[in-house]
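Here we start with a single chain on its own, the form predicted on its own, put down as structure tokens.
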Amino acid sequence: MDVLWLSRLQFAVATHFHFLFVPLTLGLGLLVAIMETIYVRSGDESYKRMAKFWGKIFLINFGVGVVTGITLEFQFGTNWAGYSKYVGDIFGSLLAIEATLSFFLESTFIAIWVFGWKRLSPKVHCACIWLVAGAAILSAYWILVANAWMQHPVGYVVRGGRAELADFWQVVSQPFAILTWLHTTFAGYIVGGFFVMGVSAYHLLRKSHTDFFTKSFRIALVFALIFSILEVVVGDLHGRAMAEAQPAKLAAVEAQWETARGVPFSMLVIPDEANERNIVEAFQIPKFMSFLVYHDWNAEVKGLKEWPKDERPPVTSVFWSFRFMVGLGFLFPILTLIGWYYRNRLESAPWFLKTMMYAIPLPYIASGLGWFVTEVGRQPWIVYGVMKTSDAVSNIAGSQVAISLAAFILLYSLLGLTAFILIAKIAGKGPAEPAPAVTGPQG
């Protein structure tokens, strides 16, 4: 059995399962903080119930995300020993900061938030959930800086056959890392916003807890509208940064084989990778790809033939994944703008509520496609231009990886099924009824 292929498959399985819970954790964390802030400022108890209700789903996502994130990091030692030995000085330090700073801050204050409803003042309790949301954002930053370094390695030197950290500030502040962080974080906010809108739409269609879910929908609508528009802007900036840092990935994303100037943008392409050409190129906009990437109608775009065959990423899968991701990215602001139009009369537009209910998976799919483009489009490099994936794998038997892969799939299937059932049960049931007002004895 091929150790490299099995190790890549195992890491992909673990990563994609972990990432089912991360974006919703990011989005719900900030939304719950906003809801509790409205409660503290207004004194309206419905927003307190709102924070508690959505907070339950947030806690499930947080818990599963932590468990799967820990097992994911173990694989750097078990399956990717070559990688850990070569770049562990850089990559390991970033993950260590994330664990000792962000994760402990997040886990400490989430415990205080859970058990502090009756023990803390409303303002102090609200501050706790803001610290949790902030720590989640900070945690994402350190992890994405580590990933961005793999995509665009900077601030290092090679000594004694291994990469060593030379400029910590350059690693953590490079624009590519910041754009990666913003792009991924905003995607999480869109996931959170669409999840809240979708669940709220389900209850509004059933005329269940109408006032509660109308308010929830409106908060999530504004939230998702803002970040879906910002995501388009950041996505454009991130795409240009990718073109500068990873020109081979850009060529694969656009199925561009020949180096040329004033390159047209093709909506439909069928690549023929074996013969290094495209069988079909349809719906072209002249010079538009050059303009999209470099904001210059006559800019040069390098073709895949500039690189040896063994240094080119897969083309067909990366091309279509990118197209579907971008299509969904433009769909989200359209849906939220329609929602803004109907925000004061949601129940009069059942077709829109049904659309939003069924749209819950779409941001997840867009995020998954984005990570597919990011990781598969970097191949054959595990650290772009520095270390190939084939040199990073551990010297272990393929049977060992196959057994652990089967165990991962079985365990994660059970864990995921349990988590999704719990989330569906809580979301479908709705919030607890408000406690009746306590009155004194009559007499």
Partner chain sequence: MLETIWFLLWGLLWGIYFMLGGFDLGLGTAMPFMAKDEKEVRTVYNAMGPFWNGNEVWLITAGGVTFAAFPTTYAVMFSTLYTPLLMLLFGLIIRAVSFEFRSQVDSPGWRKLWDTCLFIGSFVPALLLGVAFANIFQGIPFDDKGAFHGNLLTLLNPYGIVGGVFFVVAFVVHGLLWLAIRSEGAIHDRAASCLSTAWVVLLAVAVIFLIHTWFATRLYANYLSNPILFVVPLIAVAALLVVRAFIAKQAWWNAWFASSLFILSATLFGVIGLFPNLYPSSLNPNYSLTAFNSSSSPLTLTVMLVVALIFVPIVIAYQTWAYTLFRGKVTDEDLTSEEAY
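Residue numbers count along the first chain shown, from 1. Nothing here was measured: the structure is a model prediction, and the numbers come from that model.
FYI, the form predicted together with its partner chain isn't displayed, but the following is about it.
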{"query": "Joint contact, 225, 267 and 275 to its partner chain in the predicted bound form, by non-hydrogen atom at 4.5 Å", "finding": "no"}
{"query": "Distance check, residue 116 to its partner chain in the predicted bound form, heavy atom within 4.5 Å", "finding": "yes"}
{"query": "Touches its partner chain in the predicted bound form: residue 52 (any heavy atom, 4.5 Å)", "finding": "yes"}
{"query": "Its partner chain contact in the predicted bound form: residue 168, any heavy atom under 4.5 Å", "finding": "yes"}
{"query": "Residue 20: touches its partner chain in the predicted bound form, heavy atom cutoff 4.5 angstroms", "finding": "no"}
{"query": "Residue (of 387, 376, 40, 396) lying close to its partner chain in the predicted bound form, criterion heavy atoms within 4.5 Å", "finding": "396"}
{"query": "Residue among 229, 105, 337, 362 with a heavy atom within 4.5 Å of its partner chain in the predicted bound form", "finding": "105"}
{"query": "In the predicted bound form, segment of 243-251, 85-93, 259-267, 306-314 with a heavy atom within 4.5 Å of its partner chain", "finding": "85-93"}
{"query": "Stretch 61-82 - residues with a heavy atom within 4.5 Å of its partner chain in the predicted bound form", "finding": "62, 63, 64, 66, 67, 70, 71, 73, 74, 76, 77, 78, 79, 81"}
